[in-house]
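The chain below stands alone, shown as structure tokens; this is the form predicted alone.
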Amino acid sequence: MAERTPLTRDRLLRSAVRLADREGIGALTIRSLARDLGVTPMALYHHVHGKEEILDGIVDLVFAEIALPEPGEPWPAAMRRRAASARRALARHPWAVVLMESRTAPGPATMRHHEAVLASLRAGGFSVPAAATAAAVLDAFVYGFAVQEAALPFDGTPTPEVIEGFRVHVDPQAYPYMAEMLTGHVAQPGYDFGAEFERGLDLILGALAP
């Protein structure tokens, strides 16, 4: 008979991430996680105190996936690389965006992440208040874009069927600017919603200054 893989806190948390990725954060409970791991619910309490600690832990795992600014790296390049990495992490774990800033017991990866972002901005000449504003604006953009991107009824480039579905509801007489956007931009060959991320990031980084 094959040996059962020992239950550890790391295995528990990584299983919780996979469950949330697969079924959504609403499906993550002590009972469902125990079932996924093939153990009793009580077995989980040897490694975590409850669901809140699990949420803290899985958010920390997501933060650990995001590239950190490196010492000496110019702050615009660091913020751009970090934003792109965060977008990819949130695409892998769309449930995480609603939890990223909600935890009151942040883990070590979360703390390292925020410390590195602030260190990069401060080294780039931002004052303490300006660094706080820059970090908040960048996070709002990245998190907001991730929510938009996850909610789209198409994956990056809309299919002809999706375009036609939009056309049905966009009366050019009633909504001339929406019709213009649809025809002159979204329905054009090569359109990719993801390109709006780079353009938006360019605007924000260009407007931020120490």
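In this text, residue numbers run from 1 along the sequence as written. Bear in mind the structure is a predicted one, so any value in this text is a computation, not a measurement. Whichever C-alpha set is largest while still superposing within 1.5 Å between the two forms counts as the rigid core.
In what follows, reference is made to the form predicted in complex with a further copy of the same chain, a form of this protein that is not presented.
The putative spot formed by Asp21, Leu61 and Asp155 is not touched by a further copy of the same chain in the predicted bound form; no residue has a non-hydrogen atom within 4.5 angstroms of it. Heavy atoms within 4.5 Å of a further copy of the same chain in the predicted bound form belong, among the stretches 139-147, 62-70, 156-164, 38-46, to residues of 139-147.
Although the partner is absent from this view, Gly125 stays clear of a further copy of the same chain in the predicted bound form, with no non-hydrogen atom inside 4.5 angstroms. The closest non-hydrogen atom of Pro108 lies within 4.5 Å of a further copy of the same chain in the predicted bound form.
Mapping the unseen interface onto this chain, Pro76 falls outside it, with no heavy atom inside 4.5 Å of a further copy of the same chain in the predicted bound form. Taking the partner from elsewhere, Met181 is found to have a heavy atom lying within 4.5 Å of a further copy of the same chain in the predicted bound form. Residues Glu101, Arg103, Thr104, Pro108, Met111, Arg112, His114, Glu115, Leu118, Ala119, Arg122, Val128, Pro129, Ala131, Ala132, Thr133 are the members of 101-133 with a non-hydrogen atom no more than 4.5 angstroms from a further copy of the same chain in the predicted bound form. Once both forms are overlaid on the rigid core, the distance between the two CA positions of Asp171 between the shown form and the other one is 2 angstroms or more.
With the core held fixed, the Cα of Leu138 is displaced between the shown form and the other one by less than 2 Å.
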